[in-house]
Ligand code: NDP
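In structure tokens, one chain follows: the form predicted alone.
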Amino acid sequence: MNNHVAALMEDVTAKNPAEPEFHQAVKEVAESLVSVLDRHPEYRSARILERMIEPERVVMFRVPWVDDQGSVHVNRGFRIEMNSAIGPYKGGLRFHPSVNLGILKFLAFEQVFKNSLTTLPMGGGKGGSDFNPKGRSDQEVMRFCQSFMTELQRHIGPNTDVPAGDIGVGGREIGYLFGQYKRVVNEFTGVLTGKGIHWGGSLIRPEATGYGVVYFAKEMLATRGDSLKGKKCLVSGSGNVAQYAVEKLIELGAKAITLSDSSGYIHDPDGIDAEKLAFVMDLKNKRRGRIREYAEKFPASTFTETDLSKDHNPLWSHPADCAFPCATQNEINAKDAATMLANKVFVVSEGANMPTSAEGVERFVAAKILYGPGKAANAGGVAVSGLEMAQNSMRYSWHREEVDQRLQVIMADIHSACLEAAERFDAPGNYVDGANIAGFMKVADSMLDQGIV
């Protein structure tokens, strides 16, 4: 590793102990930027990367709330405002027991590059809480969201910081959060994205990340004169991103054969068709059930429980052409990556944020498969969030076809930017380096223009 990167990582680990996901995200970016920093000493002398690594602001607060039995609970809330060089902070809120400062810093750091790649004027941020909405009633979720927003509203605004949803934060939670913001601030404004279509939301926003990750795979395949038609696909997760990735795969003639949740995964060798997908959407979005019910409903499929003691995820052991990890960070390790390559997977397009471990990424890159890292491949969600912000500013809504067309153009532009940056800095075909370099340079040049702030 370059000496500068080694010294940088030593400093990052010392300043941010017990935050392995953040260290992993920073290291990946730093290693991609070695040639950039060599060719542009002005970035190094202004300590641009070091300033990007340090959040502009970290907000942490308590969130007290009362359950249906009258018992008081206290959770912890966060907002990481990472970088605002190219626009207001933009990034999701995650409600999940695993949420902590390190995970949110990694997500916020990734968001800076992802938002830069979209070509839209958005900085990077992330937030959330260790609250778990699973198993909670609508009234309990509402009371939690109202308490969370009562504090968060001090730090956000349509020209300052515009949160969205993430894991555990869907349309229900966004509605409760927006309602409390409107009540406290006394403004109806575009302070959140992912809103309901009747009160400021954008068509295609729920579908955007899932559609975008498939559009990115489509662009990668086109470089080899290929398409998704007839491809067998592994998909992890069963939430919003996975659902709409499967929907778009069906539309483009591919066959998704897996889905998962925290209890395990289903494998359907016949493929998940429109009828089966409708069942999954009802199961996960309305009944909030577990994916094992899919195998009960469709007996040709099998359900396998998650075994956390295993050193691999069996979902990734099925032969396929393409993989769309849409669940969570580090769900593909080095062993999984090796198994996938042995099984002839040659396209990986990441719907989740950093779902592949550093060692897994090394294997994919070394094998020269079509590997689209999350900061590029899953940028469709935040891209349409940016389009929602534009529509809110205009007090106007675009038609579904127009938003979808804009999304396809943005994903194609992101793909081109990654390829061009990789080529320019001697890493042809390397989407990891290309995404990091293209995302970095736009923010870096903006930071240089704005001085030491």
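The shown structure was predicted, so the numbers you read here are calculated from the model rather than taken from an experiment. In case it trips you up, residue 1 is the first one in the sequence shown, and so on.
Missing here is the form predicted in complex with the ligand; even so, the following discussion is about that form.
- Proximity of Q153 to the ligand in the predicted complex falls outside the 4.5 Å heavy atom cutoff.
- A residue is said to contact a partner when one of its heavy atoms sits within 4.5 Å of a partner heavy atom; N378 meets this definition for the ligand in the predicted complex.
- In the predicted complex, G168 approaches the ligand with a heavy atom inside 4.5 Å.
- Not displayed here, the ligand is kept clear of K248 by more than 4.5 Å at the level of heavy atoms in the predicted complex.
- Taking a 4.5 Å heavy atom cutoff to the ligand in the predicted complex, the contact residue among V241, A323, V112, A217 is V241.
- Of the candidates K276, K231, H96, K335, H96 is the one whose heavy atoms come within 4.5 Å of the ligand in the predicted complex; the others do not.
- Here the chain stands by itself, but in the predicted complex one stretch of 67 to 75, 80 to 88, 292 to 300, 349 to 357, 349 to 357, has heavy atoms within 4.5 Å of the ligand.
- Residues are counted as partner-facing when one of their heavy atoms sits within 4.5 Å of the ligand in the predicted complex; in 192 to 228 these are R205, T209, in sequence order.
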